[in-house]
Every structure is written in C-alpha cells, then in structure tokens.
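Here you get one chain, nothing else, as structure tokens; it is the form predicted on its own.
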C-alpha cells in the first residue's frame, strides 16, 4: 500500500548530468512514494541507467538534487534504511558460484537477519543453479541472481535496473509477480527500469517516462492510461450502416476500410449499449472489440508532443 503522507522514498528534481562533455540527462524529475511499484520506462539509451546510478550516488551530477527517504544522496552512507540494488550489468564475480556471490554480498554489506540466501534463491527460481559459477549463467539467470542479491536482508527500497532483460516469458512472469508481492503485500518500494512497457503496465502503480534525458511525464498508471483514447473495431458485411449508427452515437473519427469499421472512443463509451443497438438493428456483426490504450500509446504520444513542442510557437 502506498503511504501518501510519508516522505518520498526517492525524489529527483531537475537532474542534469554529463558524461565527459556530453550532456546525458537534462531535466529528469521523479517522485517515488513509499510502497509504490514504480516503473522507470523509456527506450534504450533514454537515460534510465544513468538516472538510477545517479540515484545511488554512483554518478556525479551537475544540476538538480536527489534524495532517498529525505536523505541527500551525497549522504547515502548515513541512511538508516537498507537499499537493495541490482544494476546492469549484474556485477557478479564469474569465479564464484551464485551462492558464493550471495555469501560475499552478505559479508560486504554486513547483512544479518531478514531474507536468507536460501529464501532469495527460491524467490527468483535459482535454487537449482546455486552452485553454478557466474560464467556459466545465461544472461537472464545473471539478472535473476542480481535480483536475489538485492533481496538479501530487509531492504526498504529496491532499485532494479532492467531486471527483465534476457528472461524468457516464464521468467518475466515470475519476476513481475515477485515485484508485485513485494510492493502490495510487504509494503516495499520497488523501482524498476525497463524498456518493456507492455510487460510492466499491469503491475506498476506509478510510472515515469523518460526520453533523451528528459522526463516526459510521470504519474499513477491508471490515470496516465485514462488520458489516451481507446479504439473500437467492428467487423461487418455492412460497414456503411454500422458506421452510420456509430456516428449517430456521437462517436468520433469513424472510418471504414473494407469490412472493418474503426472509431476513437473515450472513457464514457458504453460498449454494451452500442452493441445492443447494432444487434437490435439486425446489422451483421462478426467481431466487436475495443483496443484499450497502453503505455506504448501514452509514451508515443508524449514523445510526439515533445518532438513537436515548438511547432505552434
């Protein structure tokens, strides 16, 4: 459950960062509430990894501010809260087994109590691979091992960089279910970066969309999805009559192509009522379905608006 009155678990304001002389981040601003499952989303090269590394104090930034639980990132070593981190690449020691890597992480982090090595291996599905050396792991297994390491102990905030990369569909589903459990059932704050917008859409409570080092938009996932129209598609042998009925219902952008009628619909569209009207009119309808808007649509709309922001100036 998201704690609305608590200080943000992570707050980034107008972050600017250069790698050498090259500006990489320009004005990234994010606010992650405690207990939320936050997706830091964008295309490859958008600045997600750099943002996450800056949030951990691993990258110096030129402008802006970063706070974790109200603590300035420059004082991250003084934070009482424990962080769980899985970066890209995972940073495993290839000369050690998965289990030995986790044992080393416990020693280096002074981790006692909380989730044990056996527990985190089971959670990510690597119990049967615990004695494999890092060099013998697939790309996806390395990602899962990094997540297991991040779960050791009792981290209050998990920062996971591309944790779904290289996973097969079953592995993706397992990880998504795990992240959702950590947030919803245990109240942990989970921030995961990904360019897989479709996969994370149904679990993230909040998302921030960045592109070219800019925050394009941020907010609660359902609210962002509600800003985009959905599309109705009707397959029929009498498309002109169907189009006429839809237009009479004040449905916008009705179009006909062959035996398919499409239209743009808003959140107030009543599909049951319109379908009943079509059937009562004895119109031949073979398919009637709504293509709901997705985070891909939201992101593309934001990118297009950003790219054309000066067209009407």
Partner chain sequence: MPWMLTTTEVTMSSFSRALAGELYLFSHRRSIRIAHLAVFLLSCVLVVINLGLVTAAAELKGAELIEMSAYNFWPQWSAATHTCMYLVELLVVLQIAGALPHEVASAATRDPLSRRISRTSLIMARSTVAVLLPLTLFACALIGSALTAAWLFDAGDIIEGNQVLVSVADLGLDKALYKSMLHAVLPLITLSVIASACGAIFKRAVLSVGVCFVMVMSPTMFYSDFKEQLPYYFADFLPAFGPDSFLNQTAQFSAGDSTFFSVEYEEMAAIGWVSPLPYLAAAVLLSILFFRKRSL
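Numbering follows the first chain given and starts at 1. Computed from a predicted structure; not experimentally measured.
There is also a form predicted together with the partner chain; it is not shown, and the following applies to it.
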Between 81, 237, 116, 227, only one gets a heavy atom within 4.5 angstroms of the partner chain in the model of the complex; which residue is that?
81
Exactly one of 275, 248, 58, 252 has a non-hydrogen atom within 4.5 Å of the partner chain in the model of the complex; which residue is it?
58
Which is the contacting stretch out of 237 to 245, 102 to 110, 201 to 209, 166 to 174, given heavy atoms within 4.5 Å of the partner chain in the model of the complex?
102 to 110
Determine whether any heavy atom of residue 140 comes within 4.5 Å of a heavy atom of the partner chain in the model of the complex, and answer yes or no.
no
Taking the partner chain as it sits in the model of the complex, is residue 43 near enough to touch it, meaning that at least one heavy atom pair lies within 4.5 angstroms?
no
Residue-level question: is residue 89 within 4.5 Å of the partner chain in the model of the complex, judged on heavy atoms?
yes
Tell me, yes or no, whether residue 34 is in contact with the partner chain in the model of the complex, where a contact means a heavy atom of each within 4.5 Å.
yes
Candidate spot 53, 85 and 93, all three in 4.5 Å heavy atom range of the partner chain in the model of the complex?
yes
